[in-house]
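First, one chain by itself: the form predicted alone, in structure tokens.
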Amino acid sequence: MATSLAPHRSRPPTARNGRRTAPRGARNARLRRRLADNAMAYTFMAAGILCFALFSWYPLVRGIVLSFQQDNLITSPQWVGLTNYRHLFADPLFLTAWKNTAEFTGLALLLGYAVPFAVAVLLNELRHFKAYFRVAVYLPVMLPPIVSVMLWQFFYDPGGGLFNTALRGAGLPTSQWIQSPHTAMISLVLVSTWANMGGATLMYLAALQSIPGELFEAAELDGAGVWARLRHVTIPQMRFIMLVLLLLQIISTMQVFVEPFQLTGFTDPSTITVMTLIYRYAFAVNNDFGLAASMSVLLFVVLGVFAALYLRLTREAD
């Protein structure tokens, strides 16, 4: 019986699933080559992560830690545990600020959600001069917020302001606008709606123009008027973008600061909001940044709920 005298050849190592695996030295060399080829990409990625961590994550963590401290940024901070939160819930302005913020958000959604949609529908129905009207609607967005607020401060002036002058010219009684607790909040909402209407209108307009024209043509052939097309074609096709804009507007309007701060200040209980109360705690009355940070953390938690809803909606759309 013949036997083979050829030397036994060792097979390359195999994994349990039967696939051949390269020797460790070859794998390391391939890894080093891959790192060298992508070194520039990893450098830019590391720089981006470092900047994001420094300017986004660190302030967030520092704010949460600060909410458990008593700190005026001059003396050494002292750990006080939940004392700041107990002070917040005992402050009568705490509930007032949240109530005013909720009222401002509700009114801002009522006007700032419906008016841009109506303007976008009108612009979409125009046959001529569309570009000019789009620029006219978007112009207020290009103004710095403080300039818009100061412009409306002149309009609301109880003496020689534009609105009271017009009312006197029409023989109607004048109003105190931002000086009266009955009209101050709606006056702030009007400023915010006017300043932010252009961006929302253009987003609605872009969504309107993405609707297939065949749907409108079929509706017109069926004898549908403007209202019927709006009800059966436009609104169902824009349901998603309307819901996303609703969440974004809630997140934005709950952080309102410039309008109440510039027009009514941070001491008027009828218009004090969460953001102006944070300013009051930190800079105006208490100089307690720990107390302001605890209020900020509560606002962060509330906004985080709406942000989570927004992310879930956009993820389902993808």
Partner chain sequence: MTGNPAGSRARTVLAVTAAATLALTASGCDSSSGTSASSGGVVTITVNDEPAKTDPVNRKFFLADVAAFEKLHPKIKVVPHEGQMDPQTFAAKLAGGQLENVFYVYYTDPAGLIAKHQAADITPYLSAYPAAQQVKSTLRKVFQDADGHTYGLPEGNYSMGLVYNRALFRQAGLDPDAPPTTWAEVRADAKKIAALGHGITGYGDYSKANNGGWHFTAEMYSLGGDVAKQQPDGTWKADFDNATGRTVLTQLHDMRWTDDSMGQRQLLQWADLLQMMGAGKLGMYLATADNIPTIASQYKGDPKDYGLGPIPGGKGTLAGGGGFMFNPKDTPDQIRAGVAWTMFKYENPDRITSGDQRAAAAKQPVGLPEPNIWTGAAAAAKTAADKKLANEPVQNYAPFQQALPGIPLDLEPPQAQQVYAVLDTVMAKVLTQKDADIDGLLKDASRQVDSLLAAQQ
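No experiment lies behind these values; they were computed from the predicted model shown. Positions refer to the first chain, counted from 1.
Below: the form predicted together with the partner chain, not depicted.
S.K.: Tell me which stretch of 220-228, 132-140, 150-158, 195-203 has a heavy atom within 4.5 angstroms of the partner chain in the predicted bound form.
M.R.: Flagged stretch: 150-158.
S.K.: Taking heavy atoms only, is Gly63 within 4.5 angstroms of the partner chain in the predicted bound form?
M.R.: No - in the predicted bound form, heavy atoms of Gly63 and the partner chain never come within 4.5 Å of each other.
S.K.: Taking the partner chain as it sits in the predicted bound form, is Thr96 near enough to touch it, meaning that at least one heavy atom pair lies within 4.5 angstroms?
M.R.: Looking in the predicted bound form, residue contacts with the partner chain do not include Thr96, since no heavy atom lies within 4.5 Å.
S.K.: May I ask you to check whether Gln255 falls inside a 4.5 Å heavy atom distance of the partner chain in the predicted bound form?
M.R.: Gln255: no contact with the partner chain in the predicted bound form.
S.K.: If we define contact as a non-hydrogen atom of the residue within 4.5 angstroms of the partner, is Ser67 a contact of the partner chain in the predicted bound form?
M.R.: Ser67 lies outside the contact set for the partner chain.
S.K.: Taking the partner chain in the predicted bound form as the reference, which of Pro144, Pro181, Gly106, Pro212 has a non-hydrogen atom within 4.5 Å?
M.R.: Exactly one residue meets the criterion: Pro181.
S.K.: Can you name the residues of 191-210 that have a non-hydrogen atom within 4.5 angstroms of the partner chain in the predicted bound form?
M.R.: Nothing in the stretch sits within 4.5 Å of the partner.
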